[in-house]
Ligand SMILES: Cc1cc2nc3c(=O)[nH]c(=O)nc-3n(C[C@H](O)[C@H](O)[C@H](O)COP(=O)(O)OP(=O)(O)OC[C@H]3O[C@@H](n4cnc5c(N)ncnc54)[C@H](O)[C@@H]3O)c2cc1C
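Below sits a lone chain in structure tokens, taken as the form predicted on its own.
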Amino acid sequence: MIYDVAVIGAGVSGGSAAMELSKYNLKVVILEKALDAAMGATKANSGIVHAGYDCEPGTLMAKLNVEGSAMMEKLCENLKVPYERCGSFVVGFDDDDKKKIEELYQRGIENGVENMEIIDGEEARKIERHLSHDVKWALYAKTAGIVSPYELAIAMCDNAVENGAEIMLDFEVTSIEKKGNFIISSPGKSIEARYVVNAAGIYADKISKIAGAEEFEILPRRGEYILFDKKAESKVSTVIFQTPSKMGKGVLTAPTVHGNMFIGPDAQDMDDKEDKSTTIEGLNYIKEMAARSVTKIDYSRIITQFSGLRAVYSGKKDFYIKNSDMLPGFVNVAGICSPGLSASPAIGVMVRELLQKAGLEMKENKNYNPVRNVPKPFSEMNEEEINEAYQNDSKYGRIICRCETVTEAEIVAAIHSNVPALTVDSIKRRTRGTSGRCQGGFCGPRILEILSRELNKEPNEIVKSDKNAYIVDSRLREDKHND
């Protein structure tokens, strides 16, 4: 088969592009090197839908942030992805911070951001009661919101597949040759496509180079986070930023759409594009900075710590989204750091426009369905809905994850979905299983058992997340047989 478009990368940018292209009668394939979608920068970021006041006016960042933010609520409603417009603060502690806040406000006006105001600390604390008494000023942006970034990317890919696209996981692109069409290869397999969208995150520079397109550099910037239990008493209801620096938007304190709270990230420029470790220094730094914004953070309620890598373009501070001048039919979607998540719906539209400009003919897919057909989570069902679900599938009668109230039926459905869950962490990203206070201590072995059964694999073949992240050592199985 010759595909019309191959999208390399299944994060929010690649997922959005594939979803947008599935609105047309095109043969689209998503190529992802990992065992799941959303395994790069999309997996571990702040999940903030930015209002759009931070970006330099006139940049792609500014334009696509504001456009994407405006599209997000309806998109999440269609895709059945949790979204909340909770508003955000940029807080200031002195007169210098107030000047920065005023500058951000003016930027927001230039960028077309609505419903912003500068308020004093007392007024801000009426909105967010946990705000520190050291806060003197705040830029309040009412259009800011929160979303689950990995759920959004998976839903985008799922919707694309539902509307005719394909997805190939475990497809690490190692070569791209232009022989009339593009021949895209991974060890042991290859596909052919007329056009290519390079949305490979921190490896977008590598993909562009091996294809023979433009050479540029993507720098990984690591950010560490601390996530709190839902029962944390100091939990905030508003996204709280501090005044930004040249390294980013600074340490924030924010709620999640699932009722948790987190603090972070710091910002560390890295050389290693795979280093997602956490450090004592980094975690202590974000604790120190978060304490300036919010009072009485309960660190006894920490349930996990993690880090993510942002893809930073080494050139102008902006996204790098353009048709290649060197390789016709090749589109680079690179340097998608913050506010990439907020901009992602608009990025998909821009990619479609670039492909049309490059010569790709598009005819409307009259059967396109923008609404994702997924059942309501068991944890949100009322008694009548639970009874009906159980009558249709008795697996709803077995609770696997007690912390998040996830059933066996939901886990089995995730394994056999359009974007199949093949790992324990894939189950977490779709169902919330292992996301609670015990972090999989109770449900982890049971999820392993279900994956083993449904995938027809031995337990020692099941991985937590990546290809070599085995949970059960094969030696345990051998020792058992020897006994």
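One rule holds for the numbers: they count along the sequence shown, beginning at 1. Not measured: the values here are computed from a predicted model.
Keep in mind the form predicted together with the ligand is missing from the figure; the text below concerns it.
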Answer range among 281 to 289, 82 to 90, 134 to 142, 304 to 312 for contact with the ligand, defined in the predicted complex as heavy atoms within 4.5 Å: 304 to 312
Please tell me whether the candidate spot formed by Glu32, Val173 and Cys337 is one where all three residues come within 4.5 Å of the ligand in the predicted complex (heavy atoms). yes
Looking at Leu26, Leu448, Leu422, Ala44 here, can you tell me which has any non-hydrogen atom within 4.5 angstroms of the ligand in the predicted complex? Ala44
Which of Thr407, Asn332, Ser342, Ser293 has a heavy atom within 4.5 Å of the ligand in the predicted complex? Ser342
Is the gap between Ile8 and the ligand in the predicted complex 4.5 Å or less for some heavy atom pair? yes
I'd like to check something about Lys428: if you look in the predicted complex, is any of its heavy atoms closer than or equal to 4.5 Å to a heavy atom of the ligand? no
How about Val12: is it within 4.5 Å of the ligand in the predicted complex, going by heavy atoms? yes
Would Gly68 sit within 4.5 Å of the ligand in the predicted complex, counting heavy atoms only? no
Within 4.5 Å of the ligand in the predicted complex: residues from 215 to 234 (heavy atom criterion): Gly223, Tyr225
